[in-house]
Each structure stands twice: as C-alpha cells, then as structure tokens.
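This document opens with one chain alone, in structure tokens, the form predicted on its own.
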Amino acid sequence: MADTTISQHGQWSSRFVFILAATGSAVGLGNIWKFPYIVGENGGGAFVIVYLFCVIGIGIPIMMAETMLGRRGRHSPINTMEILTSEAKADPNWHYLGWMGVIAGFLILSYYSVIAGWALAYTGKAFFGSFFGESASGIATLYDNFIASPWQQIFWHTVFMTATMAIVVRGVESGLEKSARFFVPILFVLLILLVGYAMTKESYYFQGLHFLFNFDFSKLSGDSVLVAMGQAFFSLGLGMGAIMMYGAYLPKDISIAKTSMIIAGADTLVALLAGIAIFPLVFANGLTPADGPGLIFKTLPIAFGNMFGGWLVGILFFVLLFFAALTSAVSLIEPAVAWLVEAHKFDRYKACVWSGLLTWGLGVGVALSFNLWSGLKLFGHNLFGLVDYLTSNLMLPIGGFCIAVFAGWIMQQQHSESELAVSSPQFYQLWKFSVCYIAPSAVFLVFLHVVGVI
C-alpha cells in the first residue's frame, strides 16, 4: 500500500543520514572534472549564476518530486510506480517510468565502475611514484598502455564492483547508511585538504579562482544556458531511480523540501571546491585545462609528478575520485537489488549476487571496448560510448521529464501535499507550477539540445 510508513528494506535513521546518502549519490566523477571545466568554458561566474538558477528552478523541484514518489510508494522504483499509478487511477503504462530508472542506473554503473577502476589503478600508480619526473609524453604513454590492457581494466573494474556490492549486501542501516556516514565526510575532508594545498600556490590559486568565477558574460550564450540546465539536472543524479529508492527509506516526519535544498547545495559546493582545488595545480605547472578523462588521467598526473608534495596530493586526489564514485555506485545498484527482493523473493545476498554479476558482465564489455573490442561500433559508438549516450542523452532526460509530469499532473494533489507537508501554501503552489510547467519545459529543451535538434 502507498501509505506504508516504513519500507520492507528499512529506513534512514535520521535526516542527516539521508542527506549524506543522497549527497553521496549525487556527487560523482562528473562533479570532480566536468563541472569546473564547463564553468570556465561558459563564462565563469556568469555561468555559475545561471547554473544556480537552474538548480533552484529545475533540479530541486524534480528532486523533491522524485523523493516524494519514492516515499509515497515505499518500494523499488518499479513497484513504486505500479503502486502510485494504481492509486492515481492513471494509465498503467506509467509504471514503465520505474523500469527506465532502474535500467538506467544499471547501465550507468556498468561503465561507471570501469572509470572508477581507473581511479583505483591510478591511486596505486601515485603511491608507487609512477608519475615522478615524467613528461607529458611519458604520462600519455602510461595512460595508453593502461587503457590497452584488457586484464588491467577488468581487474580494477572487478575490485570496484566487489567493494560496491560488499556495501549494498549489508542493507540500508548496516550498509548504505554506514557507508554514507563514513565516506561522504571523508570526501569533503579530502576536498578541503586539496583546496588547502592549492591555496599554497598563491598567484596560481587566484588564477584558478579567476578561471572559475570571472563574470565574463560575453562567453554566455544560449548554448551555455542549455549546458547549465543539463548539468543542473544530471549533477543531482535525477531520473536514474536512485533518489526515488532513497526516498522510499525516508521517514515520514522528515521534510523533503529542506533536505532537497541541502543536498543540491552540497552537490554544488563539491563541484566548486573541486574546481578550486584542480585549476591552481594545472596553472602552476603550465598545463592547459582539458575536459573529461584527459584532465584526470593525462594532465593532472604531470602536475603530481613534478610538484613539491605531489606524491601525497596525487594519492589524495585519486582516493577522492574513488570515494566519489563509490558513494554513487551503491545508489545506482540499490534499486535493482530492492526489486529482486520484492518481486522474486530473493534474500538480499542472492539479489546482490545476481545484480552485481549482471552489472559486472556488461562492465567487462565496456572495459573491452577500449582495447580488444575498440573496432566494434554500433551507431558510430563503441559499447562505452553507446551506453553513455543512451543513458545521459535519452533515458535520464526522459525520466526526469516523466517524473515532473507524473508528480505535477497525474498524482492527486492531496497526496503530494500530504507527502511534501510544507507549511506555506505559496511554496507548494510554486513547486507545483515548476513541476507542471517550468521543469518539464526546461528538461525537454535539454533533451532536444543533447540529441542535436537545437
């Protein structure tokens, strides 16, 4: 029943724990490299302002909606949408929204685990001094040799998936909650330590701040606004079932609105701190900022290998990447595990084994797409590119759009009011207006942009 007060899987012990867990889910590899880079390329501080407006106007309302649906249903996203669709007497096809979220999380984790494995491998390389005194060509060769090795790829992917499932198998209180209490604070501590080190670079520190926060409105275009919309949506981890699943574990007396605002703020703070930590190191070593894996695995190791204290800073940085990836990974697989427990009466151990093995198997294919299977293309993409395109460009925007529409137009108002329980009628109406009109329109524009229509 939709009014069940506690999920059969358990619930968070406090609002603070939910905030930690949901923040860990939202904070991932993209916060560490993508957000700082696109800020610098799209007007610096001007882009940050647009991004913050998008977080407030799009991200927070959809996060509230997804959390609310989860808490109302108290089951895995698949069963939650079946319950809520029946409750609203809506078209039964709406339950496919739950399926899409679970499948998206499964697909994302399959390649996320491979990239997180790179971070683990590079932690070891930093520890054993592999970057010391290396030139740019030497670091590039190190990266190319690593990517070309299928066995190294599969080994580190396996290590990361094993760590993820070791947490998930322990359940909500002993697994997800304890990991959030431990890893998320450490993530912030590591970031602050890296920012503190960046501050010792003096003029380069201020050059990094200028790169991130300079208000250059001449670089701000219509395309920049769409990029900000997309980043606000994807950065919060919406549309992949994780927030809905975590919402199912949220006690009734905890405010969805307040926690959503705190989580969005913490997620943005991590992204900004990452930029503040990274770019002074880049500039201090005469390097050029680059996007994606190039910045993390090709550019920064040059800096770590040629700077005072680079041994320790390099280790801290790649450990930070690992923790960021791990806190996201446990939330991506949890919806599938919960569904197997509910629908097929698996115990949690068996559900973890099956979901983990399936994810690992697809991840092996992703790892091989960088080397042995690099020549295999489908629609112009290798397996990694195809999975990334399907999830980021299609499934997540469609999922976010449908969450907003269902919460705003399909769900009965008395139920959304009951779940949100906001003290101000004006705030509820503002949220309702956003999920009915603003958020769906904005996400639809982002969808058109990422598929190349606009």
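All residue numbers are counted from 1 along the displayed sequence. Treat the numbers as computed from the prediction; the structure is a model and nothing was measured. We call the rigid core whatever largest set of C-alpha positions still superposes within 1.5 Å between the two forms.
There is also a form predicted together with a small molecule; it is not shown, and the following applies to it.
> Counting only non-hydrogen atoms, choose the one of 300-308, 230-238, 210-218, 380-388 that falls within 4.5 Å of the small molecule in the model of the complex.
Checking each option against the 4.5 Å cut-off leaves 230-238.
> With the partner left out here, if you bring back the small molecule in the model of the complex, are 25, 112 and 331 all within 4.5 Å of it by some heavy atom?
The answer is yes; 25, 112 and 331 each reach the small molecule.
> To verify the annotation, which of these, 44, 57, 30, 408, has a non-hydrogen atom within 4.5 Å of the small molecule in the model of the complex?
Partner contact (heavy atom, 4.5 Å) among the options: 30.
> Find the only residue in 184, 108, 277, 126 having a heavy atom within 4.5 Å of the small molecule in the model of the complex.
Of the candidates 184, 108, 277, 126, 108 is the one lying within 4.5 Å of the small molecule in the model of the complex.
> Is residue 242 close enough to the small molecule in the model of the complex to count, meaning some heavy atom within 4.5 Å?
Result yes; residue 242 sits at the interface with the small molecule in the model of the complex.
> Superposing on the rigid core, is the Cα displacement of residue 415 between the shown form and the other one 2 Å or more?
After core superposition, the C-alpha of residue 415 moves less than 2 Å between the shown form and the other one.
> Is residue 36 among the residues whose Cα moves by 2 Å or more between the shown form and the other one after superposition of the rigid core?
After core superposition, the displacement of the residue 36 C-alpha between the shown form and the other one reaches the 2 Å mark, so yes.
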